[in-house]
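So this first bit is one chain, no partners, the form predicted alone, shown in structure tokens.
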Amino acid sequence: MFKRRIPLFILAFVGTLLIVSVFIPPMENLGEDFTLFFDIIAVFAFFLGGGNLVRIHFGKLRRRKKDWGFSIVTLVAFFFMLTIGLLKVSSVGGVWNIPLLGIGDPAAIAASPTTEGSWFQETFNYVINPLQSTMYALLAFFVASASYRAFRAKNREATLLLLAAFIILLGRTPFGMELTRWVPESFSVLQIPNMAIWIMNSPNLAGQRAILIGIGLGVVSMSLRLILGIERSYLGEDRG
């Protein structure tokens, strides 16, 4: 009983306190203070996340599950980045610095892992960044394929979506600029680049704000459900 009531009480108390602190000036710094506690909790979340990653992939290796070779790559990369980050391994001008092992400048233990010459930063720049670029390049083909299927003019809404997408894509190319250059300045809104800008700044922006308002209302409703103890899924309960 207490295992369920204590988390509910803590959540209701902290949630109500933070809401009240917004409207009472002497308590407005409470939000910043609680952010520090959030950072502490996030640190433990990193440990749990890393431990869970290692546990899952070691399990795949032990049972030789499908694509277990990818688990080897994941674990090697994980421990390599963890090691060079914790040891603050760096090399500048042929001089090695591993302060935790007593190699190089001992003061480098306080240096950021992203300083110049850091293996951690170099690995990020020359491995992670190229991999991300490759992934985005491959995603472009999937996006194009999905767009072709989604933008078929099956109904009125799909036709409007197809037309707007075509205008925006054409308005971002030199061909689109040249295509309507003959339109006089008095009707410049009919030029394809200007039409693309109008679509992005008016209908698109209105849709984005509507989505953000909906998200905001959802966050408020879910927060109230949590504070009032109606939503208890985080306790492992499916019903309120």
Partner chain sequence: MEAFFEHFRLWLAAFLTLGIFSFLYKDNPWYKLTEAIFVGISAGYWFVVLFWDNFHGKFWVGAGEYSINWVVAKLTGAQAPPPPDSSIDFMLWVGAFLGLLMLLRLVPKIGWISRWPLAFIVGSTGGLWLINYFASNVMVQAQATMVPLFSSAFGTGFDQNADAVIGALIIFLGTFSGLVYFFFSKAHTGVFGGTARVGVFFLMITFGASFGYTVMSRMSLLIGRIDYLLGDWLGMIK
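Think of the rigid core as the biggest set of C-alphas that the two forms share within 1.5 Å after superposition. Quick caveat: nothing in here was measured; it's all calculated off a predicted structure. Residue numbers count along the first chain shown, from 1.
As for the form predicted together with the partner chain, it is not shown, yet the points below apply to it.
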property: Distance check, V73 to the partner chain in the predicted bound form, heavy atom within 4.5 Å; result: yes
property: R209 within 4.5 Å of the partner chain in the predicted bound form, heavy atoms; result: yes
property: 4.5 Å heavy atom contact, I103 to the partner chain in the predicted bound form; result: no
property: The partner chain contact in the predicted bound form: G59, any heavy atom under 4.5 Å; result: no
property: Contacts with the partner chain in the predicted bound form, stretch 174 to 202 (heavy atom within 4.5 Å); result: W198, I199, M200, N201, S202
property: Per-residue C-alpha change between the shown form and the other one, G69, threshold 2 Å, rigid core fit; result: yes
